[in-house]
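A single chain comes next, written as structure tokens; it is the form predicted on its own.
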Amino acid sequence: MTLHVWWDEPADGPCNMAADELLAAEAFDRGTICMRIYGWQPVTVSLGGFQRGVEARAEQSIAGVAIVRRPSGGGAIVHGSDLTYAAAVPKTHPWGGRPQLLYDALHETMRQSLGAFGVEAALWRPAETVVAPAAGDRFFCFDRRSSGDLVVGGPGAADDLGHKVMGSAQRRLAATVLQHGSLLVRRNLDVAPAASHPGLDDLIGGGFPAAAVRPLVTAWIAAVAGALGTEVVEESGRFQDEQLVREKAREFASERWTWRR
């Protein structure tokens, strides 16, 4: 089983979500794990699949920002200063059978990769003595903590929580598991402070240069393949035909989908 990876140019919210749903179908057709690495343009807020639209409309810190609803769960994420991935895994694969196993595998390999770049990170685990923001209590993903989230220290971080720099969310489909994840590279200055969370560049002494992001992610993908005991196949060109993606994007651009809850 090989790991197929596509690096896509930044796209708008509906096109990104459409491509990720097609990625899940691709993983099933190939019978293997597929990943897509991408960015966002313009700045977009992706809502978790189960978040209520009324909360998004009431959140003044993102007023006027483009909004799309993900098929996966979790909290809202402000995209544009992060690096996003989608991973699709057939349910027949061990990582597709246990949700936490897939979550931890991708986050632990990122923790190791960050360490090679001199960044000390940890997988957050709840403790009886720690009262963490409950899974559904906060609107923004990066204000929440779930077991396996990637956290680092830094100014203003509580010792027991740290700053969350990577979170993921899943959607279990008929034959595959689709996991979305976001690595926060730097603060997003296009939204109000309440929606702007510190990223690697803000938390690491001396900063984290933009030029280091691609080498970091390349190392991470290699580490994921190592954990799988397989090889990486980096596909050339964009994932899927642009016209096909845009046709499917209409579903994710519709009012019915965006405000379905």
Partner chain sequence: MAAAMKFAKSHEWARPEESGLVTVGISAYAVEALTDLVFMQLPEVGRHVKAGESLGEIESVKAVSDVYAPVSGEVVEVNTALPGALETLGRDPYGSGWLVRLRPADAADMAALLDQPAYDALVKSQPH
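Numbering follows the first chain given and starts at 1. None of these values were measured; they are calculated from a predicted model.
A second form of this protein, the form predicted in complex with the partner chain, is not displayed here; the remarks below concern that form.
Shown alone here, Leu189 lies farther than 4.5 Å from the partner chain in the predicted complex, counting heavy atoms only. Proximity of Ser81 to the partner chain in the predicted complex falls outside the 4.5 Å heavy atom cutoff. Remark: Pro94 counts among the residues lining the partner chain in the predicted complex, judged by a heavy atom distance of 4.5 Å or less.
In the predicted complex, Gln112 stays away from the partner chain, with no heavy atom inside 4.5 Å. Judged against the partner chain in the predicted complex with a 4.5 angstroms heavy atom cut-off, the residues Ser46, Tyr85 and Ser182 are out of contact without exception.
A heavy atom within 4.5 Å of the partner chain in the predicted complex is found for one listed residue only; from Ala105, Ala169, Ala121, Cys141, this is Ala169.
If you take 68-106 and check each residue for a heavy atom within 4.5 Å of the partner chain in the predicted complex, you get Pro71, Ser72, Gly73, Gly74, Lys91, His93, Pro94, Gly97, Arg98, Pro99, Gln100, Leu101, Tyr103, in sequence order.
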